[in-house]
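Shown next as structure tokens: one chain only, the form predicted alone.
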Amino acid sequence: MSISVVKAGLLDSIQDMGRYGYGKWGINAGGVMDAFAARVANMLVGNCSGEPLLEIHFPGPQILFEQNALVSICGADFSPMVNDEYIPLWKPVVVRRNTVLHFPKLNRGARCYLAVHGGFCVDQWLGSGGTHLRAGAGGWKGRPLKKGDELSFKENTVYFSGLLKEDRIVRALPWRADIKNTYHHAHEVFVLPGNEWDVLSLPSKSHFLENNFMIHPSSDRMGYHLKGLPLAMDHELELVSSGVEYGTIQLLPDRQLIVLMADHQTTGGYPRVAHVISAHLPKLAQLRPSECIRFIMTDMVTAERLLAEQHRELQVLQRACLDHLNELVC
């Protein structure tokens, strides 16, 4: 085996970019909450950007490396340490065998991602290696990791221990991902108007755009329940259930909002007042319960431009990481 779980965390599961095309059967896409951090973590260690990796929440697990490995940790800062040595985020790091990775302190963010060079050997379900928690399928036995679980790495031909000095247990390689554009102004989230935006009363539209909303502690991978000023519609509205997506903001019967997250249901009948733009889903995914969100209305042109810029940054990063790793190995 390649790693073993010495102590389980709050919710550690194997995830990837999700499984698409099964919504008509009520199977949601699922996948990672922060796709940007997950893609970067894979790129830093030379993997395909959609390779299954470990999504970690705080308090995090304790993981024993049973072989030398090239890893990266991206996303939230839980002060990752290998034995007693801190390892940096957003960088590739070589880790020596028989050492333990742990996360002693929450600094910021809601979830981080551990990628290993080559990836994990996990179960596929409907074309995805991600864990579907409600169906109990995919990933590692269709469930979060438990104490005693042992996961294998896929085979690789890189001899990483040659990069470690005899007296060192870790070595951070000399390049880092630039993330400042993606997580800038972490609590400001751009949205587009939803199908039922115009049904909101004028005061409620003003409240939505001018006030903060707090993420309720009951929030999870299915949705962020928000607490703020009650919103109202101009008139009562009966809707037929229709498709919803990650980032859809719905108005609930109690006049509060919910933002649907990665494990959202496939359809919903509540008014869809707005949608979080795709480029700001990573920021949304890193907000924690009791933190606040400020919604800013934007337009489709801006939303497409920000997403295109984010994709270009990822393409440049992937090419640079592969070049750096090839130079290092050669």
Partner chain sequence: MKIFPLGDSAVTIDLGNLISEALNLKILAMSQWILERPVHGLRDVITAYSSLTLLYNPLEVTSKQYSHSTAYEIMRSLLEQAYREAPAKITQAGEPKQIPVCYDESFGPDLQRISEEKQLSRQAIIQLHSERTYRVYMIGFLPGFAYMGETNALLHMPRKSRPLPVMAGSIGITGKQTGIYPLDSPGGWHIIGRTPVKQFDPMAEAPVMLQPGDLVRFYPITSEAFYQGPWKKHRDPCNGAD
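As the structure is a computational prediction, the values presented were derived from the model and not from experiment. Residue numbers count along the first chain shown, from 1.
Keep in mind that the form predicted in complex with the partner chain is missing from the display, and what follows is about it.
At least one heavy atom of residue 308 is located within 4.5 Å of the partner chain in the predicted complex. For the chain shown alone, residue 154 is not a contact residue for the partner chain in the predicted complex, no non-hydrogen atom being within 4.5 angstroms.
Mapping the unseen interface onto this chain, residue 67 falls outside it, with no heavy atom inside 4.5 Å of the partner chain in the predicted complex. In the predicted complex, no heavy atom of residue 206 sits within 4.5 Å of the partner chain. You can rule out all but one of 81-89, 210-218, 231-239, 104-112: in the predicted complex, only 231-239 has residues with a heavy atom within 4.5 Å of the partner chain. With the partner removed from view, the residue among 172, 100, 179, 192 that has a non-hydrogen atom within 4.5 Å of the partner chain in the predicted complex turns out to be 192. This chain appears without its partner; in the predicted complex, the one residue of 164, 137, 186, 121 with a heavy atom within 4.5 Å of the partner chain is 137.
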